[in-house]
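The chain below stands alone and is given in structure tokens; this is the form predicted on its own.
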């Protein structure tokens, strides 16, 4: 294969998903040279059916990026109903209590991918799809990547490498360690139609097998059902009628009878996080920095704040991109938010996904107490919307 001479950039972003694209778009007026490498094909050929739950804080960021208004189907979450299957107690969080138009919003992954892809065309970014990074190296002066593109081995260097690829390349960065905890759970996702149309209410129902969430989407619901790996394969193989009956037995009657389901898909769940999130001339954002359980819908929102705050550090000191001082400031700024989000979601899984009788009683008391204490509800809601710093 032919090897081309190395091009140099201020910034190379590896991973052209929504988080990598967000960083590219945030830097559009900075005058910096940016190379964005995406391993997948054009977005219209990769329709990811997963729902994404955006917090109100994420909406504000997407508005500043000029992305929000172009999204085709956005469903607001006006309230969140939290309950515990097999036990008493529940909590209701509402947007009106926090004085925001909505606690969050639900869209499909491929919709935001499509809109950001279109936005990139006007950002002056060198954007390559089907570019598979095979090797990266970092030293005190710069970072270098080698990648396959159009049948050729290419390479480029930059003052800073940003890994937004989900963590695939972390093993090639000497100073950074990835920690992995398998939850031994899978998430089943699908669209669900019910006899009662959604009214802006999201449901988070905790069970001993894991949480099941019903998010309002369009006139119906988007399901995220957490189960064990063996049960996941069984559920994915059921016919629609049997699947809906089983879901109804598990979830209950809050939205009536389930009448129709879309295509089902499933994926394994694990907690992954890197320490530290930055090394010599390299920084991790989004799922490369932390991959969380979908309970409470914090993963994408945390990654979007990573991209937004990193762009701020880069724009503030453009002549110092990738320096130890800049990366140290970024690590310090993100430590509370990323660590808090990780502990919050992991604790929810461990506290609620078990059959401990003592914990079951305490869970009910906790949900009831939270519902009766508005300041505590506002505290929880604000951190779900804006991160651990509120």
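Because the structure is a prediction, the values reported are computed rather than measured. Numbering follows the first chain given and starts at 1.
Another form, the form predicted in complex with a small molecule, is not on view; read the next lines as being about it.
> Heavy atom to heavy atom, is residue 166 within 4.5 Å of the small molecule in the model of the complex?
The answer is yes: residue 166 has a heavy atom within 4.5 Å of the small molecule.
> Evaluate residue 62 for contact with the small molecule in the model of the complex, applying a 4.5 angstroms cut-off between non-hydrogen atoms, and reply yes or no.
Outside the cut-off, so no.
> Would you please decide whether residue 84 lies within 4.5 angstroms of the small molecule in the model of the complex, comparing each non-hydrogen atom pair?
No - in the model of the complex, heavy atoms of residue 84 and the small molecule never come within 4.5 Å of each other.
> Check residue 40 for me: does it contact the small molecule in the model of the complex (non-hydrogen atoms, 4.5 angstroms)?
Yes, residue 40 lies within 4.5 Å of the small molecule in the model of the complex.
> Quick check for you: of 313-321, 203-211, 131-139, 174-182, which stretch puts a non-hydrogen atom within 4.5 Å of the small molecule in the model of the complex?
Only one stretch qualifies here: 131-139.
> Since exactly one of 115, 125, 102, 189 fits, which has a heavy atom within 4.5 Å of the small molecule in the model of the complex?
In short, 189.
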